[in-house]
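Just the one chain here, laid out as structure tokens, in the form predicted on its own.
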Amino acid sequence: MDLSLSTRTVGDRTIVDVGGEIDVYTAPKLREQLVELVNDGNFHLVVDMERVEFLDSTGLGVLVGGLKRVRAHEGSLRLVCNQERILKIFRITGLTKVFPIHNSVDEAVAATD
């Protein structure tokens, strides 16, 4: 399966809609998108992972790298995920303590930093 990416703006947040698989083959595409957004001055990102089917350690690394990039500009990176199999990966790795994880894009956008 491939990776689909699209972006949109809601208020001061940039939403990155992600679908498919984030793995060793597709993660570079997500990395490029996050780097480009930060380079263009978008420092408050919401990554919508509701349509993500699979996430591996490479994908986790890309998300952590994106978080470091936005934090360097006093920004934020919030995740939207409500799929148990993906949430389990964040719990096992302890990344639930690192990323704010929300059930919906609306919830993530409404959250304050």
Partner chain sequence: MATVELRFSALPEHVRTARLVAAAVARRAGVDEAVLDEVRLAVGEACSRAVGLHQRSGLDSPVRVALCEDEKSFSIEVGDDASAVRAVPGARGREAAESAQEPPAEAEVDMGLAVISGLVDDVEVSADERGGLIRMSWPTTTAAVLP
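Everything numeric here is computed off the predicted structure, so don't read it as measured data. Positions refer to the first chain, counted from 1.
Below, we turn to the form predicted in complex with its partner chain, even though it does not appear here.
Is Val24 a contact residue for its partner chain in the model of the complex, using a 4.5 Å heavy atom cut-off? Yes, Val24 lies within 4.5 Å of its partner chain in the model of the complex.
At the 4.5 Å heavy atom threshold, is Lys29 in contact with its partner chain in the model of the complex? The answer is no: Lys29 has no heavy atom within 4.5 Å of its partner chain.
Does its partner chain get within 4.5 angstroms of any non-hydrogen atom of Asn42 in the model of the complex? Asn42 lies outside the contact set for its partner chain.
Partner contact for Val105 in the model of the complex: its partner chain, 4.5 angstroms, heavy atom: Judged by the heavy-atom cut-off of 4.5 Å, Val105 is well away from its partner chain in the model of the complex.
Contact residue in the model of the complex, chosen from Ile89, Ile15, Ile101, Val98 - any heavy atom within 4.5 Å of its partner chain: Contact check passes for Ile89.
At 4.5 angstroms, heavy atoms only, are Leu55, Arg85 and Thr93 all close to its partner chain in the model of the complex? Every residue of the candidate spot has a heavy atom within 4.5 Å of its partner chain in the model of the complex.
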